[in-house]
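One chain comes next, on its own, written out as structure tokens in the form predicted alone.
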């Protein structure tokens, strides 16, 4: 972008799609669903190739085919569509196929209220993969993240050979706002690395950082085997041999080993503060304002906005353990990320601010900090 101010009216969907394309994503495949309709519309116009799938199951199957052929596919959906995708997401995870799914949250359960935002799919992200493995998940917390996080989702997907979810909500992707395009930094295309050896190619033989080097199925020099069943390093189906089970365990281990390269968060610490306000996604905007107002009133408070939700980076616990109190604000009824971090039972010093069917206000966060401190 140039330095001359260029104010425009846009929504988060436009920034997300443009950012993904500039980062190297080259095919959009989707089925329209509210509130991801703008992502679908912009994606169909902006991507080098775009396919309208007849349903969400087909969407993920086509994405897997494109990923196996060396492309970087993207889709966008909401909970009902994502629910249909889950089996195929597991397939792509096991086959180690890079792709990005933008999930725009809306109020559930089931079809719920399609035009109302929420943060109700967090536990679903943590439980998508059978067996408890983590599905890499980044979460947008403001308009700047709509530009900066999509390339990181592409980088994570390609370098780790994995599906990645970019979590957002109705309010992020459908709300029009004024933004200065000249303030957006340039985005470099994510370059892919391929296997270049002369010997036999083993599709799942771990290389650097436990990630197997990639070759598309169209390679004319080497045989490429891809499978979603339990397999050895060559892609040969096996039941429960040590090599095959070790290969399955590696899927989580590669994410854990390299998580530091994909850990993103905002941390605004105030010296002497005894309380840490934690929030993510759309509610992080209210948390930022609440902390600012608390400080203006003379109350010391720090702010933590996690953007890498899963796998949960160990660094998060190092941050939170420094505070006597942790207040976690999220737009769902049960405190889903609070449960992930601290369990389902009560924990001294940990409390939540929760709501469904509406955005949490800064005042509610301030009230929790002051009245229950």
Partner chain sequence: MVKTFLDTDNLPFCKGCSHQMIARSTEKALQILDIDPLDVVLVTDIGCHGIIDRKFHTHTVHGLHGRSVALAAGISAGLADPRKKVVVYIGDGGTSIGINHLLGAAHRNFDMTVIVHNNMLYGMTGGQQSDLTPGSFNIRASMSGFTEEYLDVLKLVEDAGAAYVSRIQAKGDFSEELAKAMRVPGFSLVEVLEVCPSYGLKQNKDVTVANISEKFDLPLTSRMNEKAKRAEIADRTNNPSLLDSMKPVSVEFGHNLKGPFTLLMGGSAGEGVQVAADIFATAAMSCGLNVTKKGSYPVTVGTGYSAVEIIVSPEEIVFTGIGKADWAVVSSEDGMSFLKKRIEGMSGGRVITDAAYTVPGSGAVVHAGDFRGQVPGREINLSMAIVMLGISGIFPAGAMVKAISDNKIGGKMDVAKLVAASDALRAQIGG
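The structure displayed is predicted, hence computed values, not measured ones. Numbering follows the first chain given and starts at 1.
Keep in mind that the form predicted together with the partner chain is not shown, yet the notes after this line are about it.
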For this session: Heavy atoms, 4.5 Å, the partner chain in the predicted bound form: which of 240-248, 268-276, 286-294, 156-164 makes the cut? Say which one.
Result: 286-294
For this session: Would you please decide whether residue 254 lies within 4.5 angstroms of the partner chain in the predicted bound form, comparing each non-hydrogen atom pair?
Result: no
Exercise. Any of the heavy atoms of residue 88 lying within 4.5 Å of the partner chain in the predicted bound form?
Worked result: yes
For this session: Answer with yes or no whether residue 176 is in contact with the partner chain in the predicted bound form, where contact means some heavy atom within 4.5 Å.
Result: yes
Exercise. Taking heavy atoms and a 4.5 Å cut-off, does residue 350 contact the partner chain in the predicted bound form?
Worked result: no
For this session: Would you check whether the partner chain, in the predicted bound form, lies within 4.5 angstroms of a non-hydrogen atom from each of 14, 58 and 71?
Result: yes
For this session: Please pick, from 224, 210, 83, 123, the one residue with any non-hydrogen atom lying within 4.5 angstroms of the partner chain in the predicted bound form.
Result: 224
Seminar exercise, completed: Looking in the predicted bound form, the residues of 350-372 with a heavy atom no more than 4.5 Å from the partner chain, listed in order, are 359, 360, 361, 362
